[in-house]
Structures are given as C-alpha cells and as structure tokens.
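Shown next as structure tokens: one chain only, the form predicted on its own.
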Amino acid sequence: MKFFMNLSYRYKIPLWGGLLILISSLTVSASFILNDYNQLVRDLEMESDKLGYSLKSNLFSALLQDDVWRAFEIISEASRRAGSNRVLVESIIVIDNQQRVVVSTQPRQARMLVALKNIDPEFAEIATQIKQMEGGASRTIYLPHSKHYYSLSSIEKDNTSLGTLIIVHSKAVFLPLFAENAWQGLWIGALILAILLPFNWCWGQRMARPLLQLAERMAQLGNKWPEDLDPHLYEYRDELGRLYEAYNLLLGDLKAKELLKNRMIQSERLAALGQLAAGIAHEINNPLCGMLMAIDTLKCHSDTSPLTKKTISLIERGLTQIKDTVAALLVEGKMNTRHLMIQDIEDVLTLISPTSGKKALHIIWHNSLTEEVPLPATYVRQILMNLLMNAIKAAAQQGEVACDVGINNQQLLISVRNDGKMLSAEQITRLFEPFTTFSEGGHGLGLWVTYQIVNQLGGTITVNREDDKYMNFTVSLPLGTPA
C-alpha cells in the first residue's frame, strides 16, 4: 500500500479513478443481474401458480368422482403443454390428504398409493412442508442443493380439500435464461468501461501533468532558478489554477528579491572599494604634487646636462601618469561646470573618430537633443567618452558601435551598443569595480569612474546582452542635477 501511495500522481490518479470506475461498473452490473434473476424467479413462480390454478379445478372434479384415469389425463396434458413455454415441468404428482400418491406423470418414480415421504429424501422434506401449509394456500419450495423446485397447491373447493397438487420444476430452466440476462448486463458493463476508462486515463494525465511540472519546478528552487510554468498547460481558475498563479507570483518575488540583494551587495562593495581607492589616492596625491613641483623648479632653475634633462623628463612623465591615475580615483561630485549643450555631444563624436577609424567601425550616431540640458557638461562628456572608448575597444574589426542620446520623462538617456566580445554574467557583476579590466592594455578605472559619476548625478547605469550579439550600456540621468 505504501508503494502505491508513493507513486506519481500521473499514475495514481488514473489508477484510483480506474479502480473506482471498475468497482462501480461491476456493482451496477451485479445489481442489474441480481435484479434480473429475482425477476426471473418471480415470473416462473407466477407461471407455475397459473398452471397449478388451472389444474386444481379439473382435478377436484376427477378426484371427487374417484376418476384416477381422468386425473392422469389432466396432468399428462398439462405436462406436455408446459414443455413449450418458459416453465420446465419435470413431473406432476397428486397426493391425497394422507399424503399418498394418487396419480403421477412419472408412475415409476412415484407409484400409486405410496407415501410421499417414502419416495426419496427430497419428497420427505416436501411432505413436512405440506403439513405446515394453511388450507387453500399455495407456495413454492426451494430445497438446498436440489436440482428442482416444487410448486404446491391445495386441491380444494368450498373449504373441502381432496389433496395436494405437486408440480416439480427443473432448475435447468434458470441457467439459459439467467445466462442470457447476465451476458446482456456484462456487455453493458464492458461498454461503460470501454468509454470511461480511457476518459479517466486522459483526465488523470491532464490533472497530473500540471502537478508534476509544479513539483519539478519547486524541487529546483534550492539549486537554480526554474523556468516559469507553462500558462497554457492548465488555464482554468480552480484550486490547481490558483496554485499555478501563486507559484509564478512567488517565483517572481523571489527573483526580484535576489536581484535587489545582488544590487545592494554590489553597491556596498563598490562603495567600500571607492572609499578605499579615494583614501589611497588622497594619500598619494599630496607627496605626488610636491614631487612634480620640485621637478618643475629643478627644470627652471637648474643648469643640467642633456642626459639629466632627459632623465628628468622621463621622471616627470611617469609622475604625470601617476597623477592622472590618481585623479581618476578622485571623482568630485560638485565640480563647477556649465550645462550640457548639443555641441558637447557632437564633440565626442569628433574625438572618437580617429580611434574608430583605425578599426574601420561603422558608427551609428543619433543625438536628439534640441536645447541646453541642466546637467554638468564635463561629467556627461566623460561618461559618454568612457563608454564609447570601451565599446570601440571591444568591438570587432569592421564591426558596429551605436550611440543614442535623448530625453524621455525628464531623464537624459544615453545608450551605447557594440558587437564583438561578449561579457559573461559573472563579468558583468564585477564590471564597475576599480582595477577590474577584461581587455588588454586597460587599467579598469574608466567604467568605475563612470559608475561613480552616474551615482553622484543621481542616475543609474545598466549593462545587458542583446541576443548574445551586442553589449548594451544604458545610462539614465535625472534632469536638474545641480552643477
């Protein structure tokens, strides 16, 4: 039983339904067969009673006149007529009030004047039953394990009894009639099963498939994000349909919470890295400025050899490169700058043209700005420049880089797209960390600086892959950010 209960619902529901249908069909068929059997018995008893009633009046006159031969003719003729209808009469016996045989259709078995109880044990039981009969009554007797049943009728008139009429019927008549009715019932039951069992199997599978898919999806929750349930698999609004809807809502909430959690972790990590980088940059910047001032003083007030001047120039360029790197780590959010103008965007296109020309890139440029935008021009230019330079580096030779700048719902939207190298989901999560680079020759600060500027301007930056063919960076900046 435990094994059966542990089966999948795709088997359990059809099996349970099929078992119930089978039991119901067998019960109904058995009920019809039993009812037909009882009706058959009643019909035979009625026909036997009719036969006995028709014989009693004629036999009464013959027995009253002590005309045995006439009585024999009467029962013999009745026995022959009964052979052509449903009542199978095996023999007819007439006994007197002392239970002695007066006449019989089978005189060799029931001889005249022989006591009924002496014929055989069955007739001995019949003799006992006759003694218990009330005057004028008729009854049918079924003896256990007997091949016959007996119809008894008292031969009397005007409260005068002359004996008892015993009609012996063979039970063999029941078998063909009962078998005929039983086969009809069984065929009807088989037809019902042939219709209901396939329907039950289809219905059970229809109910079990949604439950099976739901169980599989829920089992995957601890290991990976499962797919959404197929909405066309079960489109009804019953309990199972509401369970489907609740699962999809739960899955959506869990994914949203996971995404929010990852964003918070990433923001906290970037904030911590930014604070660390800014602290280090401040510590480096002070002595660095001193060294650059000292070199500048040395160059202006020192008479040095050409070799020394060359060496000083090398040191100055190295320190300047360090200064530029440190400056990238010190993003100041409140730099005084003018508002963004249309030409600022077009200037960026001019600046990237030489670099993009080296790779023969196809630049798709769309600038829909029509007026001055209340955003710091320096920061927006730096954001756009960083994104475009990264896109040019990542794009394939003779590839494509697209840029779209416009305003929508009081937001400045910048979209930069490129083909070529695709970043994995894991790389995207670490893309805005400082000193994280996925290309040769980069220092990993451009996107980090871009991220810092976007945050300081109250905006958002997102990265996604389009059809595994394009990398798309989207920046949204609210208008009216103080300059």
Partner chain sequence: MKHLLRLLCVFLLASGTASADSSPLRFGITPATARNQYALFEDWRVYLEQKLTRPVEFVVRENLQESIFLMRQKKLDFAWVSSPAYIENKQQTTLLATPVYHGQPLNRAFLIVPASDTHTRSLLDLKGKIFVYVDPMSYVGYLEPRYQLVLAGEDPDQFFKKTFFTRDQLKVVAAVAVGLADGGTISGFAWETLALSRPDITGQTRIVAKSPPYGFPPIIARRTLKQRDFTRMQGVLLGMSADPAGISLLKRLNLDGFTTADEKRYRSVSVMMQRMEDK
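All of these numbers come straight from a predicted model, not from anything done at the bench. So that the term is clear: the rigid core is the largest set of C-alpha atoms that superpose within 1.5 Å between two forms. Residue numbers count along the first chain shown, from 1.
The discussion below concerns the form predicted together with its partner chain, not included here.
J.: Name the stretch, out of 412-420, 59-67, 41-49, 23-31, where some heavy atom lies within 4.5 Å of its partner chain in the predicted bound form.
T.: So the stretch in question is 59-67.
J.: Could you work out which of A179, A396, L113, A172 is the residue within 4.5 angstroms of its partner chain in the predicted bound form, going by heavy atoms?
T.: Selected residue: L113.
J.: With its partner chain left out of view, which of E258, E73, D228, D120 would have a heavy atom within 4.5 Å of it in the predicted bound form?
T.: Here the answer is residue option E73.
J.: With the partner left out of view, is L388 within 4.5 angstroms of its partner chain in the predicted bound form by any non-hydrogen atom?
T.: Result no; L388 lies far from its partner chain in the predicted bound form.
J.: Is it the case that G252, even though its partner is missing from this view, gets within 4.5 Å of its partner chain in the predicted bound form, heavy atoms only?
T.: Contact with its partner chain, no.
J.: Is V405 close enough to its partner chain in the predicted bound form to count, meaning some heavy atom within 4.5 Å?
T.: Contact with its partner chain, no.
J.: Hey, in the predicted bound form, is H145 touching its partner chain, heavy atoms inside 4.5 Å?
T.: Looking in the predicted bound form, residue contacts with its partner chain do not include H145, since no heavy atom lies within 4.5 Å.
J.: Align on the rigid core first; then say whether the Cα of V101 has moved by at least 2 Å between this form and the one not shown.
T.: After core superposition, the C-alpha of V101 moves 2 Å or more between this form and the one not shown.
J.: Cα of I453 displaced 2 Å or more between this form and the one not shown, core superposed?
T.: Where the cores coincide, I453 shows only a C-alpha shift between this form and the one not shown that is less than 2 Å.
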